[in-house]
Each structure stands twice: as C-alpha cells, then as structure tokens.
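In structure tokens, the next block holds one chain alone, the form predicted on its own.
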C-alpha cells in the first residue's frame, strides 16, 4: 500500500546528481520508466519503475502545496509531454521533438525533469519527491485533490487577467519579454523538428535506393553485365553509408539541440504560467485594497488586517518570483550552451566517421578504373 504523502519539509535520501532514467519498457501503449539513484548513505542504490501517471502524480502533489508560502512565485520544472508509441504524423506535430519515438532522448528529458524537481530549494523538500524516488509502490494510481493551478479554473478569467497592467516595472517587462520569447522558442522547436523529420525521410529514401541498386545486379557471365553489377553494388554501399550518416545526424539533432530547444520552449510556458499566477494575486490584492477603502467603520479594522495579510503574501510571492526568474535565466544560458556544444561535438564526430567511410568508397571506385 502506498504510504500517505505528508506535505512537510523532508530531506532527500538520494544523491540528486546520481538520479538516472536508465530505460523505458514498452508494454502495448504503456511506457514504464526505470529510475535509479544512489543512497546518500552510500549503502546502495534505489531502483524504481514509474509510468507517466506516476510522473503526473508527482507534479500534481507539487502543484497542490497551497500551504507553502510563496508557492505561486515558483517556476515549476515542466513535465515533458506524454509520448505515444507509433505516433501519427499529426500527433508528432503536436508533441514536438519528444513525439518522434527516440526513447533514449525521451528518457533524458524525463531524467532532467526529476533532477530539476529534486534540486529545487522549495519543491525538493516535498515528501512526494522522496516517495517518487524510493518507494517500491507506484504512486500514480492515487488521486490528488484539485489545486490552485487548475487549468480549467484559470481559463475562466485568463484573458482579462493576462492583460492586467502590472504595478512593478520589472514584472511588466518580464511579461512582455516572455510573450515574445515563448513564441520564438516554440517556433524554433517546431522548425528544428521539421529539419529532423526531413533528415529521417532522406535516410529512408537512401536506404530504399540502396536496396533498389542491389536488385539491378546480374548473375550472368557477360563482362559488361558483370562490370555494371559491380558498379551497382558499390553505389548501393555508398548510399547505405549516406543513410547511416543522415540517420546519425538526425539522432544527434534530437539528443542534443532538439532536447535543448524543447526544454527552452516548455520553460518559457512554465514562466508564463508563474507570471499569470502572480498577476491573479495582484488582481486579488487590488480588490482587497478597494474593499478596505470602502469598508464601513465597523468592518474597517478587520478589512485592514485582510489587506495587510494580502500585501505580505503578494510581496513574498514577488520575492520568490524574482529569485526564480534570475535562476531560470542563468540556467537557460548554461542549458542552451551545453546543448550547442554537445550538438557540435556529436556532429563533428559523425562527420569524421563519415569522411573516413566515404574515403574508402572513393578509393574503391578509383580501383575499378
């Protein structure tokens, strides 16, 4: 039986840097992720298996921490979209780079999510994180109560509050920048997905052409036919090498810059949600202030106390939000830099390997002269 989650401060018993999503097991349309992490005590390793429902369970528990002061100012690490086995082209377009079925890259994205949760100064203290990483009983079957971040409730007054003028120039500027960056990040991720899918199509076409060339091979004894057959075989080998090269290039794109752009896009959306929650609190505060001003003498003192409490809460949320924005901006630069460096390193290695292979083909053709 899954132990009850106690929403109080807890200390993780695992080494955060050791958290790894090592493998994904497919059972029909269900994906099960194998997660391991080293015990801080150095006495062993935790091994747990989690479905996507379990990841959602963790996210919802973190969302439901209404009693945690300043929680509305937190930029929650974004959970990757739910992947689908053998997704259609339409679904891939909706899911982005993580919908391509590259499971090693998808495991890396899920691993990044868990590590970011565990390393967060506020979220990592929630006991649900410890349970997620160490309990042998999958938690995802347990329902979580509705919380302050319910998307349906946000939609009711979302448009009105999103356009509400901010009293703090810092946050108004950040909202304006986020609006632009969210669109740019999404577009960049979509365009990069187009590049990867084009490379995959080219690889398939090269493989098909390589196979077709081998069908042209003749088994007779005519010298001309034998020479033609040799050329077809060598050309088939060349296109097979091209197929492997383009496939490797596409895989490199997904596992490095593709993951980086996807995470950047999801984080821009996460920051947007945080800024929206803070704006909602600003609207509530302004309403409270108006009510205090209009209160009758008999209720004046009580309304002033409510106003002061709302101001204190809002100031704390704003303080947490500023820290979160500063942390995110620093992390974004490091993350994208790392993605670009890994992308260049992998593509350079692939290019060198392909150059050696094509040089061998060149020497073989010269020998046929």
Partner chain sequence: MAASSDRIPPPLLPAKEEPGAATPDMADGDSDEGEDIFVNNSVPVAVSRGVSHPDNVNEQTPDLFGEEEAGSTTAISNGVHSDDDNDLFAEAHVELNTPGGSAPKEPSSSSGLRPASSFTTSPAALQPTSLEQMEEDEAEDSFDVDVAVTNPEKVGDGMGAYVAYKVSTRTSLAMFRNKTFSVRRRFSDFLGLYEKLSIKQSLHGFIIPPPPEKSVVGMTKVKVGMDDPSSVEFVERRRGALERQGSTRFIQYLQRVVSHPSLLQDPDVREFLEREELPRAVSTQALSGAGFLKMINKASDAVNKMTIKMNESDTWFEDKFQEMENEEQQLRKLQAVVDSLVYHRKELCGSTAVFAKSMAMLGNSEDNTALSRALSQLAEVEDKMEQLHQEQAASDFFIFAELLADYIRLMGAMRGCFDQRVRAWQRWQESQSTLQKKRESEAKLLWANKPDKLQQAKEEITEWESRVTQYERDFDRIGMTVRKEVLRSFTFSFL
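Since the model is a prediction, treat every value here as computed from it, not as a measurement. Numbering follows the first chain given and starts at 1.
Another form, the form predicted together with its partner chain, is not on view; read the next lines as being about it.
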With a 4.5 Å heavy atom cut-off to its partner chain in the predicted bound form, the contacting stretch among 59-67, 327-335, 43-51, 300-308 is 327-335
Residue 89 versus its partner chain, in the predicted bound form: is there a non-hydrogen atom within 4.5 Å? no
Looking at the partner-bound form in the predicted bound form, is residue 187 within 4.5 Å of its partner chain by any heavy atom?
-> yes
* Asked: Even though its partner chain is not shown here, does residue 340 get within 4.5 Å of it in the predicted bound form, heavy atoms only?
  -> yes
So in the predicted bound form, is its partner chain close enough to residue 170 to count as touching (4.5 Å, heavy atoms)?
no
In this chain shown alone, the residue from 235, 81, 292, 105 with a heavy atom within 4.5 Å of its partner chain in the predicted bound form is 235
From 269, 137, 284, 222: within 4.5 Å of its partner chain in the predicted bound form by heavy atoms is 222
Contacts from 184-214 to its partner chain in the predicted bound form (any heavy atom within 4.5 Å), listed N to C, are 184, 185, 187, 188, 191, 192, 194, 195, 198, 199, 201, 202, 205, 206, 208, 209, 212, 213
